[in-house]
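For reference, the chain that follows is the form predicted on its own, supplied as structure tokens.
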Amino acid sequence: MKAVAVYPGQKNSVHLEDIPKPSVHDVPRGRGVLVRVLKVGVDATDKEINDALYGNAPPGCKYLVLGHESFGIVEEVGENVHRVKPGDFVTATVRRPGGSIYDRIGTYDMTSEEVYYERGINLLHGFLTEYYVEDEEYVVKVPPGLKHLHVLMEPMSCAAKAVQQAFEVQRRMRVWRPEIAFVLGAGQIGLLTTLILKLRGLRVYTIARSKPPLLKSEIVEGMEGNYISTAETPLEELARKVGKADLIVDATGSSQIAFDAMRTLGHNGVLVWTSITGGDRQVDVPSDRINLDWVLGNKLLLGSVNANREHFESGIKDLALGEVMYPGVIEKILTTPVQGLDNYQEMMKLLVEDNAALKVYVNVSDE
């Protein structure tokens, strides 16, 4: 069967690979779930793996199948599978357990090991193929009423984890009732984080460079958030106008912005970094001022990456509620379909060149 793959470490090596079709019997103890892939979302991670910035093939294999944002339909299950059945729509988590205590208790997204296993990213093949098989533990059911949001399940899980972790660590305050949130970046993670925070009742300012009106601002406003262009209102000016934020989530991929955000966090607040800023860029920061403000202001910096089953399920619930609260808005994130695995070059070109492509995804097969 067809799969879109790269040769890790070899720049621009994306290609079509012929791989064996999996079987439910590939998973021990009768826990296998065979999924026919319907759609796969792609993002900067896939581009950066094709740029040979990171990513490793499974042991004994020369190639790595891409794709970590999956949506498909169950075709067959093993005799000990109970959570899903043939005909169910599903997605799948990305990271798999290693050997740490966190892996053993189900929080495999919090592993303390240097070596990690992520489908389509590191040491495990991804979902950008016709079928995959997985242990039912990592397969998450998607309600039929949300099938039109398909590949947003995985990015939504990352947004859900970021917000959930912020509230979890802020239990240190005994009472924490945030009112103002800044979301930095209006890509898919930023927009989905905006949704979650609006559902929690916060006043949300979603901040990006481009001036409105544009699709991103339309989506933010459709969620009753506030879209702010830094070309018109710099971050510190916004903080002077509306007050410093109780919660900031950075999803820009810019280390400069990640550090600039530290100046606009209010007392007892939490700043969550979700984006990966690979490279060797260096920026100057007012370290003495930040040190003083953060110690005296009892502020917290939190890193959040990946997600486990709990975050997928939480994110799906918020998508369902978001559809009720803001009907028709979330689907606007899904801007740019690519038809079929054979068009992998078009897929990669869109990731590299099309700034209007808010969300690129591949239509692998029909229902």
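Sequential numbering from 1, following the sequence displayed. Only a predicted model underlies this, so the values are computations on that prediction, with no experimental measurement involved.
From this point on, the text means the form predicted together with beta-D-glucopyranose, which you will not see here.
Interface residue among Asp103, Glu118, Asp88, Glu136, judged by heavy atoms within 4.5 Å of beta-D-glucopyranose in the predicted bound form: Glu118. Distance criterion of 4.5 Å from any heavy atom to beta-D-glucopyranose in the predicted bound form singles out Ile276 from the list Val283, Val169, Ile276, Val242. Contact annotation for Cys158: at least one heavy atom lies within 4.5 Å of beta-D-glucopyranose in the predicted bound form. Mapping the unseen interface onto this chain, Glu154 counts among the residues with a heavy atom inside 4.5 Å of beta-D-glucopyranose in the predicted bound form. Contact between Val94 and beta-D-glucopyranose in the predicted bound form is found at the 4.5 Å heavy atom cutoff.
For His68, a non-hydrogen atom is located within 4.5 Å of beta-D-glucopyranose in the predicted bound form, even though that partner is not displayed.
Looking at 25 to 33, 295 to 303, 320 to 328, 43 to 51, the stretch with residues near beta-D-glucopyranose in the predicted bound form, meaning non-hydrogen atoms within 4.5 angstroms, turns out to be 43 to 51.
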